[in-house]
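One chain comes next, on its own, written as structure tokens: the form predicted alone.
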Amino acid sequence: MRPLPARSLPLPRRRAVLGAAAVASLLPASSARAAAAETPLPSDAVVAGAVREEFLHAWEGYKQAAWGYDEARPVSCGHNDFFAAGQSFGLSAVEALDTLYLMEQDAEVALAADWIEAHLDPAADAEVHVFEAIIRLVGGLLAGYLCTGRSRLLDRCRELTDRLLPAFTASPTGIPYTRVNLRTGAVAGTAPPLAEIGSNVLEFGLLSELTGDNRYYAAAKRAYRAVLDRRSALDLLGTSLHTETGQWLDTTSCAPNPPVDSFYEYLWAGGELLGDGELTGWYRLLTDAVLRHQLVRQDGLSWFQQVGATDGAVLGHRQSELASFYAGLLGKGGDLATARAYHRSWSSLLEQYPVLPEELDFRSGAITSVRDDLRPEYANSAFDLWRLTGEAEYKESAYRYFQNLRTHLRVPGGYTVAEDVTTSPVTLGDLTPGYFFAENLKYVYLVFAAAPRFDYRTGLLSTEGKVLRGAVRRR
């Protein structure tokens, strides 16, 4: 549910337009879904096996082209440094730990964990993006520890978090700085969007529980409280705040789009994981306001417009693929009707393209970004809604998503992003984002695998797909 840093994303080469008449034809009860319902899915075991095979195909591609580096470039067989040029944290290996564990690939788990324990340096002389380091590295190390019980993973996690903490403790408002040098503790970046302010309470709260050190949870709650104290009279939030003054820098309420998306997700999930009723109350307060002022229905579809946080005035109709996670969140939060409708809006768009474009204007029908950055959010919602309801519609969504990835984004070296999903064939890029190993195929696998190492009753995943509750230790 997070965009890659701008340096990792080349600009789209052109734009495509989906005509208004075509948008009007994207009805929830679509012919494509009806046809899919008439064609039985393969057995769960067959699908789970195919998903695992594709995950391992991508994992082998990473090992061959970029082992020990952050990310693979599977077309050129190169690598990408995600956090800082010339500095690697083995990001993809960290991201893959719990997925490999759930897929019962114990030799690969040991290989990745051994590398992390020997080579990941929490004190690297590098300025890192705090938000990304928390949800990817801290979350990945936590999930790896919960799955394997390897105490050195927890030690690495705690040392890394201690070195990220100045971004919070040096702030006069509690709103974190966006970047920190892991070695020196120097902080920078004073314009965080909401997702970067609030997407830490799961990782920090869990680390506090595991270590008995409340500093992490206290920092996360202080950051959340700083935002809630600045909500408008409409109970809406803007987009970004100044770390040092606490002033709003952008007063557009753009939920559930980035860059605010996981701020709301962590309110619900934090209340669930940590038993924090205050977080749950904040989730309900803010979600009620978003539904009241931003939910719109057009041509049988449900979308979320952008409005002014102070006056509710309509400001835009942008919809990012990253927002498709919101269907699952609404379902988990108790609003299944809206959750179903929003997921079907994205399903309808998927009927028009082999994989989902990054962004559209739902009012005009313009596709405003023709890229696909191997996004997992639609599959995330399919998993959440299947788990809540057990309904075939969401199993079909997950399977179609998997088939489309395999057909259009698979390359000999793994899986890659797309530069343009409107061309035939899809125009490919050259990057396997680290989150691919944490999210995309994990969601589909859990739908079909009846995974013995995941507790479907209590399991809870982070915004980066990390299993922070519900990992079943092997015997």
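Because the structure is a prediction, the values reported are computed rather than measured. Residue numbers run from 1 along the displayed sequence.
The discussion below concerns the form predicted in complex with a small molecule, not included here.
- Here the chain stands by itself, but in the predicted bound form one stretch of 222-230, 158-166, 236-244, 375-383, 375-383, has heavy atoms within 4.5 Å of the small molecule.
- In the predicted bound form, none of the heavy atoms of D70 sits within 4.5 Å of a heavy atom of the small molecule.
- The small molecule is not shown here, and in the predicted bound form it never comes within 4.5 Å of any heavy atom of V138.
- Heavy atoms of L322 reach within 4.5 Å of the small molecule in the predicted bound form, making it an interface residue.
- Contact between Y435 and the small molecule in the predicted bound form is found at the 4.5 Å heavy atom cutoff.
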